[in-house]
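First comes one chain, alone, set out as structure tokens in the form predicted on its own.
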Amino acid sequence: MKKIFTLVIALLFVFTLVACDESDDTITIGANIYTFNDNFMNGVVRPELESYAKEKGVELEVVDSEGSQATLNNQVDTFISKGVDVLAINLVDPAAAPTIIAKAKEADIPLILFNKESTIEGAMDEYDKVWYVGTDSAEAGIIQGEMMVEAWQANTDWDLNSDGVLDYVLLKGEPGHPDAEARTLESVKAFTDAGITVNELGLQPSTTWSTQEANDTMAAWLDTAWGGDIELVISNNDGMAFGAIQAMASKGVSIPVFGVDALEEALAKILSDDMNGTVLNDGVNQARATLDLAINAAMGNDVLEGTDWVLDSATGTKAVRVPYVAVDKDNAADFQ
């Protein structure tokens, strides 16, 4: 009986060791969202990160950097001290990429930057275990611009004074953000490339891409001497477009509005003719690509192993870029 008891204890000890080893094999990912106040990042990307992590059987901790790069720097230090296997970082300040990369390199932890791309040339070349997941920043503006040009040409009544000049206002988003800067440039450039003369009546940045801030801005624009001359509202994200729509509704006016992101609310507004178009910013696949690369990197595999993602050779084979899609009333229901 004593021998049997000893054998049982030994087997239990072995089982405990195996269980511990299996637990230790669980990949832990330290991740952040630059601010939970962002409609797109917190409403689309974060939920998909969390649900996909469960599907993949990895441990994910997502923190709110509250729009502060200093807070994010401290959060990265905490993740490193906890011994996470890989970092998935949504930069607050794209110019701060070298700081985050240096922290990851010193700790020898793989790093996936996502949604906000470094604005510092060559920063990602300093570490062989850093990659980026996001979009081609210019593509959204190009697609949005092409949609707006086509709509402007098809709706001659949009030209309120029939002078052939587009009088527009633009809700820019976060100053210095690669997406905000590229969308601003390319959306307007589409008109000039088409031979259409443009006149910018107002341009307003927003540090948080905020619906409320856009509401206040649009209301103020409508109260100016030129408020009745606005022929088009260009918004670099759907959240700000919603604010503009709210302001117009309160003033009893209707002006064509185009956004970016294809949030669920935007799709509904397009189908109800409260909004004219948007561009799908595929947050679901950005989140999935981020975790796929992070898991492979943590395991020491090629980051693309077992996936359909491809690296953008134009950026030194270090970036996965998820494509944008034009959305208007013809196809909005397809994305709901």
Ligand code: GAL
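What you are looking at is a predicted structure, and each value in this text was computed from that prediction instead of being measured. Position 1 is the first residue in the sequence shown; the rest follow in order.
This next part talks about the form predicted together with the named molecule, which is not shown.
Contact annotation for Asn32: none of its heavy atoms lies within 4.5 Å of the named molecule in the model of the complex. Proximity of Ala297 to the named molecule in the model of the complex falls outside the 4.5 Å heavy atom cutoff.
At least one heavy atom of Met41 is located within 4.5 Å of the named molecule in the model of the complex. Remark: Asn237 counts among the residues lining the named molecule in the model of the complex, judged by a heavy atom distance of 4.5 Å or less. Listed stretches are 153 to 161, 245 to 253, 67 to 75, 177 to 185; the contact stretch with the named molecule in the model of the complex is 177 to 185, by a heavy atom cutoff of 4.5 Å.
Residues of 271 to 301 placing a heavy atom within 4.5 Å of the named molecule in the model of the complex: Asn281 alone.
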